[in-house]
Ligand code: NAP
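The chain below stands alone and is given as structure tokens, in the form predicted alone.
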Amino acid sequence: MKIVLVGFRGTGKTSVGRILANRLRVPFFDADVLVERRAGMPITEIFGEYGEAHFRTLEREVIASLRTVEGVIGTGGGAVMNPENVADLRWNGTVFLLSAAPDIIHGRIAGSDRPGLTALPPAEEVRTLLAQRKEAYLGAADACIDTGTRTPVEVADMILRQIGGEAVLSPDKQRERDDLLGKFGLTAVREMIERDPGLRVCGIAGNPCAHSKSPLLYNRLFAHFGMRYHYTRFEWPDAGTIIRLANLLPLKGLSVTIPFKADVMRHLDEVDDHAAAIGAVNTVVRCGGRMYGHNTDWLGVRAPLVHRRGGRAVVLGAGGAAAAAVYALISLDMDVTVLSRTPDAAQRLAGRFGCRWGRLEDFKGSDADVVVHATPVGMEPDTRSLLAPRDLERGTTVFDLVYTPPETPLIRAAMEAGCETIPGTEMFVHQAAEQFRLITGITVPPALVREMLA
């Protein structure tokens, strides 16, 4: 058994960790103490003599050495900012995030001889660092516990109940969960949870979503990183019912696809700035009973097009995928035009981002260095293409966001015209890598994603 406690200073990791280790009769590993032993000096002296960078190097070495231990591990407050640390902590372990309000944390650590990490006043430093680390904390954790009004014994009791498989749902809620799982055709998920109470669930929410490669990718990645997670499909006509079921499961994350990327936002507790600007969420992270919305689609569009920064771009389509594409292209300083078969939709999308718009038939290959196709046309079993080879100019970069099949009719037309082509699988690879980081705290290189999809 390996239990890991992460969180900011003053949230109770050491005191709770010692109680847990004593109750479970396993060792307690305090990462900060192990760093001091390795350095032969207190942390205050490490910082004073060598600086934070040297401390982080020692911390990385210590956490790497704890990858396969059994026991309870308490980490330093900034340890999870390094995704390599998270991968080692997650290996065959269960990670609990201990949290508290900024003012409570400040009160608990006031008077400490630990050096500050910024030049800010102590209370402001706590608020600033909590905000900077929030995404990493939520991603790295399997479960979140607020320690602000609980004693260390109460927190330890909560953790022991969770790892012991004690039911967290009332009998009525369990019946509701089982009924919904039956309706979704997911009785196998219920059986998996009953066999392994520590299992965490993720899935794709869409209608339809049977074509998605996400279950294959995620389940291979979970096995690769030694995580007790299972990824499934939540296919249903409305997002509200999917979210209702998600809140009855030990669910950590959702990938959101057509047609729920906009609708799901009203069911979430928080939405980040990128998703709010795009008006669509494709990634939901759940921890501590709260749901956080993100958009990684725009990064999936942006990464393969960095070499075209400053060019002229045309986006075909005016839906959620098109909005993510426009947002990505503008971040690359491109001159963007939105074209759609529905001019009103094109005008609305262009108006949001201050770019030009027009009808699909207005497309001229000579006006584009980059063409991004963001409609479902060409997705299996559709064999159509919005553009023919004669519509395109040699040397233009054509990026088709459709990834099933890998070589779409548009990609074939672009290849015939002598264009640079980027298949939709590249968007999937890059957005999935970022999505996996948000949900698990682990960074995966695109090459590993491609390997897992092969």
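None of the values given here were measured: they were computed from a predicted structure. Numbers follow the displayed sequence, beginning with 1.
The next section is about a form of this same protein that is not shown, the form predicted together with the named molecule.
Engineer: Looking in the predicted complex, is the named molecule within 4.5 angstroms of a heavy atom from every one of 261, 379 and 386?
Structural biologist: Checked in the predicted complex: all three residues contact the named molecule.
Engineer: Can you work out whether residue 214 and the named molecule are in contact in the predicted complex, taking contact to mean some heavy atom pair no more than 4.5 Å apart?
Structural biologist: Residue 214 lies outside the contact set for the named molecule.
Engineer: Is residue 319 close enough to touch the named molecule in the predicted complex, meaning at least one heavy atom pair within 4.5 Å?
Structural biologist: Heavy-atom contact with the named molecule at 4.5 Å: present for residue 319.
Engineer: According to a 4.5 angstroms non-hydrogen atom cut-off, is residue 352 in contact with the named molecule in the predicted complex?
Structural biologist: Residue 352: no contact with the named molecule in the predicted complex.
Engineer: Even though the partner isn't displayed, in the predicted complex is residue 374 close enough to the named molecule, meaning a heavy atom within 4.5 Å?
Structural biologist: The answer is yes: residue 374 has a heavy atom within 4.5 Å of the named molecule.
Engineer: Okay, which stretch from 399-407, 413-421, 34-42, 57-65 lines the named molecule in the predicted complex, with non-hydrogen atoms inside 4.5 Å?
Structural biologist: Stretch with heavy atoms near the partner: 399-407.
Engineer: Just to confirm, with a 4.5 Å cut-off on non-hydrogen atoms, which of 170, 149, 112, 342 contacts the named molecule in the predicted complex?
Structural biologist: Spelling it out, the residue with a heavy atom inside the cut-off is 342.
Engineer: Among the candidate residues 144, 101, 360, 303, which is the single one with a non-hydrogen atom no more than 4.5 Å from the named molecule in the predicted complex?
Structural biologist: Checked against the cut-off, the match is 360.
Engineer: Which residues in 423-449 have a heavy atom within 4.5 Å of the named molecule in the predicted complex?
Structural biologist: If the 4.5 Å heavy-atom criterion is applied to the named molecule in the predicted complex, 423-449 yields 424, 427, 428.
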